[in-house]
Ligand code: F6P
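To begin, one chain is listed below as structure tokens, in the form predicted alone.
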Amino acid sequence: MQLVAYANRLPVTRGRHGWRPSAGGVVSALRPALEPRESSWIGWDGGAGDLPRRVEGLDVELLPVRLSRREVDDYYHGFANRTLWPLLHGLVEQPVFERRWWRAYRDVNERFAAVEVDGGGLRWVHDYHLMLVPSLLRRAHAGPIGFFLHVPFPPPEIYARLPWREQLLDGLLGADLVSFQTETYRDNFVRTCARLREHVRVEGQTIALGRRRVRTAAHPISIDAAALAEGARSAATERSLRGLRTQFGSRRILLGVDRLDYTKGIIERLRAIEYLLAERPELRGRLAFVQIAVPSRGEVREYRELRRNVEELVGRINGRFTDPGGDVPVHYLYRGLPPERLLAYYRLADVCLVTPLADGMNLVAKEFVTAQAAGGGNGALVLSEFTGAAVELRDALRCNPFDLEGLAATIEHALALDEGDRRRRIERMAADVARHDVYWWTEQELAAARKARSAA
């Protein structure tokens, strides 16, 4: 069956040697679904006017949507990332409600839905940037329509603050299947529809719109576990790991890997480490925290402020706890890393700190346990209870990232765990990720969308 994916960006980047497939994120999740079948991807071209229809290494037709600078500012930096992002993440930051941004968001969604695609098949719409697209597609498309939200969906009392709440709900209800990362997010959506849309009737986890039925589902997204495990054992990763072990010597390594985003809890994590070093002087010089912070949304004011605050806090901790001639306790890397280098850090770490304040899933947790198991490691995973991953990875050490002293105590507990206990936890979590990998997720999503359409 033909498959057409809709996502904010096309899955390619331009390098020194031309166009190539992008790495990570939605791209890694969707490639297993798209490449084995006739498929297309509709997305913003990033401002490139010469984007080819096909890129070597990616067997997907690329259908670009071209946006002006003003549209990008209002639709993407404005409504998507300053209105919807904080709202959907439970008001970690206050959303900004700007009518001009809403109009741009509506107009851009119409542009995405208007892209002509030959043939029928499944239309698969992704994430908060395109929440109006399902209903726009329904006007002209007779085949099945699915929507997957990669981020959280908040309780109705939070979502209800959005001035355009009905329009977005109606946009999503144009799909045959609306899917979420967890049962909680799915239940929030169903309760929100029941509270805010008088014309709908909730039947369990199905929403009835007259004679049409919209199914909802919880399908936790995952990684290509087999490929990541192979990469973790590669010669390039082993070389990188040897260099890191030489660099850090006998110190215990704490690791954080995140986009630089206020939802990821990086500030709270740093404060917990500062508290731990202050309360446990014997750990100074024996502990190193490596924070990899991938640059993100630098055009948005809140993100520029976050970067400044993080860097000031890193400087304060290092100034406070670095002995003369000694190494700093916090190694802050504000950049993305090559895959083999990132996998080497995963294998090096004694404890991986995945402590978002809110997160749809968080694939770093799944990558860490997979890389650790592939290398025969016994690292511990400290995982925020406010991530989708916490529902699946039950052998992680759960934490409340808002509780500074509690988080510090959990880190200390992770360092003190028996080696055999740590190894058994890692192996059980990695086995679960391998069973429910990205291919499993793909099949769950596509089968449910087809079933929902046939039953509608």
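Residue positions are given as counts along the sequence shown, with the first one as 1. It should be emphasised that the depicted structure is a prediction, and the values quoted were computed from it without experimental measurement.
Not on display, but discussed next: the form predicted together with the named molecule.
Asker: Give a yes or no on whether every one of 129, 151 and 259 sits within 4.5 angstroms of the named molecule in the model of the complex by heavy atom.
Answerer: Every residue of the spot touches the named molecule in the model of the complex.
Asker: The named molecule isn't shown here, but in the model of the complex, which of 120-128, 190-198, 243-251, 375-383 has heavy atoms within 4.5 Å of it?
Answerer: Contact criterion met by 120-128 only.
Asker: Only one of 297, 186, 219, 138 has a non-hydrogen atom within 4.5 angstroms of the named molecule in the model of the complex; which is it?
Answerer: If I apply the 4.5 Å criterion carefully, the residue I get is 297.
Asker: Just to confirm, with a 4.5 Å cut-off on non-hydrogen atoms, which of 346, 180, 85, 75 contacts the named molecule in the model of the complex?
Answerer: Comparing distances to the named molecule in the model of the complex, the residue within 4.5 Å is 85.
Asker: Answer for residue 9 alone: is it within 4.5 Å of the named molecule in the model of the complex, judged on heavy atom distances?
Answerer: Residue 9: contacts the named molecule in the model of the complex.
Asker: Within 4.5 Å, heavy atoms only: does residue 26 come near the named molecule in the model of the complex?
Answerer: Residue 26: yes, in contact with the named molecule in the model of the complex.
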